[in-house]
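First comes one chain, alone, set out as structure tokens in the form predicted alone.
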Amino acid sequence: MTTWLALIGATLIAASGLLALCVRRGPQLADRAAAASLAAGAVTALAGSVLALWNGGDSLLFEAGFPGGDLRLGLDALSALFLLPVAVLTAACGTYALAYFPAAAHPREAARLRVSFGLSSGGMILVLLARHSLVFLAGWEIMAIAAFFAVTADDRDAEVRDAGFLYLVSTRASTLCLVALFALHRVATGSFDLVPIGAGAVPPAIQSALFVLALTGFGLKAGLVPLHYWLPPAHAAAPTHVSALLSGVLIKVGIYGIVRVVSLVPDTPPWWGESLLVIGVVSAVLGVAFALAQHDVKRLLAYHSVENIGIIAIGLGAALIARAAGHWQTAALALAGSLLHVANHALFKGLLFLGAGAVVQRTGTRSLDALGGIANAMPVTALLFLVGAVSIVGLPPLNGFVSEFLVYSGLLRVAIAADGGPWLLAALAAPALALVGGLALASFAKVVGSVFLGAPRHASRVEGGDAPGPMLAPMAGLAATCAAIGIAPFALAPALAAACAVALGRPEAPLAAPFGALSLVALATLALCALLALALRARLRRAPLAAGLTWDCGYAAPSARMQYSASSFAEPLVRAFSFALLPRTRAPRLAAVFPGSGAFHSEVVDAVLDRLLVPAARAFADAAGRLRALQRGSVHAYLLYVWLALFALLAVTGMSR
């Protein structure tokens, strides 16, 4: 029943774009048909997900004589927990697109984008349902290829084409790793079925090879450092509701793959968890540091996805360390924090991307230094974006605080459980996570301050008021869900416990998380904020208001260009992390007391893509270009090459004897 509901939901979602193609009564009706199909599919899949979390789920077997054996689909608690954000965000982004990307305004791109958006979301659900390697790869390919067409919707832009090419290369590399993973699994177990491996059935070396392939293939999709290089360009180039889907749920399918593969192995060695913990810390710290240095609001949000994937990996690594040591309660606590952060990040990152898209649509720029004073013209968007910002930095009373607190708790319990290497790693990861939280707070103080506060700069003049209803309604829904989870996290406790039991393979491991205390913290924070607001309002009413110039450094005619910019705000922190960020700056030389006009430019390029992969690709292209001299077009030259190759082969053969 639950698997059927999820499968029907996936079909409705995947067919949404094709259904819209059949509508001939105008582009607006086609938009609505696609959105309605997306919403119906999402509700159906959501119903299946909730029932699976409540009853434990079920599976389907299709005995159709497929190559590789019968095909099995299933929806257990782990799949259902990942399915929840997929369904919610698909419906939210589909509704948002009605006003953000209408077919009437984008007649060339809209149909292709609707089809690819639906297929990508449907492919994600098929991956979550797959219990057979070939079905998993089929769903993975549908998701990945459709997402490529969604990212490159506006393929007239060179930046979009470059980002699409990079995404395509990355997703091909990811698929190759997964093909190797499932082939090795088939050789080791004799089956394509994704079922738990029996204890001692597979040698430890084969299990470790499976883990390395899974970490590489799924890590590429998840955006773990150093495999994150495709993520910021793709998120920045895609239409905003596609960026929200990519960042919110598509990269989480990579996390799902890692968790699913780990759940198949009964006895995982400690180094699996240690590796994930180290990679998670590096991803979180570098992700937030690179985010701080960005001038583009969408690239900044993309780097924060790298940061949050790192936090998820930290929780997963701590859980695996505890699992290897037999500390099941600690493993369940850390894993619950990691899985809850998967859902939370989907909600607040979706909200932030949709809010940024509303601002970009109204102002026509993504540059933080060109924006300012948007809150006056778009107050609802500003308020909803603020909710997302508070959530992502992990402050109460919103949902980010809950999941990060669980990850902290899991790390600390791992650290105090015993002495030794893994426990020391956990002890060092806790302050690193605190550093990430502080930097994230600074980053979003910069975003909110530079985009919504201050005086409007010329490029950020907003005309037409706030975003339209179809864009604001999904954002409001996501914000309300963030608040609901933050205030009442205990409502998700049974779902998290069920998912952890599946992932750990130990139904008897209870989830001992302080959800009641977290709920009290949220309510106390709300009450404190309300009291402060009332006190401030009363004081403002009593105090006489006087109008006058603020302190202006002796210059009584300041302009919007003179106010603190996003780059100015982040400059001290960028300088502190310059050893890793390696910022590039161009500044005029000041040779007089009153110098003339000049321009200052600073940028921080990606350490992996721009400093490693692009130079390596250019060097390879140069070397390959030199080999073109061998292509002479002469039969005599080619006969000479054949003769030389045969001579070399005979020489090597003779020497080997």
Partner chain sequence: MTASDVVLAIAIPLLFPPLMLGVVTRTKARLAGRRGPPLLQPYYDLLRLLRKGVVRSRTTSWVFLAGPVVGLVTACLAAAIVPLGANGALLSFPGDLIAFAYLLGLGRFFTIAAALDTGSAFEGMGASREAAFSCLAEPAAFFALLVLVKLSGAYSLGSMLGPDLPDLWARGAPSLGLASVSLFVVLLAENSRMPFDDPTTHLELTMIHEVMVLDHSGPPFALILYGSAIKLFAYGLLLARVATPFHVEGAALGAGVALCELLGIAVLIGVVESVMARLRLLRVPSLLVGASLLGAFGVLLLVG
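Residue numbers count along the first chain shown, from 1. Fair warning: this is a prediction, and the values are worked out from it, not measured in the lab.
Just so you know, the form predicted in complex with its partner chain exists too; it's not on screen, but the next bit is about it.
- Highlighted residues Leu453, Ser568 and Leu573: every one comes within 4.5 Å of its partner chain in the model of the complex, counting any heavy atom.
- Proximity of Glu404 to its partner chain in the model of the complex falls within the 4.5 Å heavy atom cutoff.
- Its partner chain in the model of the complex is approached by Ala415, whose closest heavy atom lies within 4.5 angstroms of it.
- Not displayed here, its partner chain is kept clear of Ala538 by more than 4.5 Å at the level of heavy atoms in the model of the complex.
- In the model of the complex, Leu383 approaches its partner chain with a heavy atom inside 4.5 Å.
- In short, of 77-85, 510-518, 257-265, 92-100 it is 510-518 that has heavy atoms within 4.5 Å of its partner chain in the model of the complex.
- When its partner chain is considered in the model of the complex, only one residue from Ala498, Ala389, Val151, Ala356 comes within 4.5 Å through any heavy atom, namely Ala389.
- Here is the short version: of Gln563, Ser191, Ser578, Thr365, the single residue with a heavy atom within 4.5 Å of its partner chain in the model of the complex is Gln563.
- Residues from 391-410 that approach its partner chain in the model of the complex with a non-hydrogen atom closer than or equal to 4.5 Å are Val393, Gly394, Leu395, Pro396, Pro397, Phe401, Glu404, Phe405, Tyr408, Ser409, in the order they occur in the chain.
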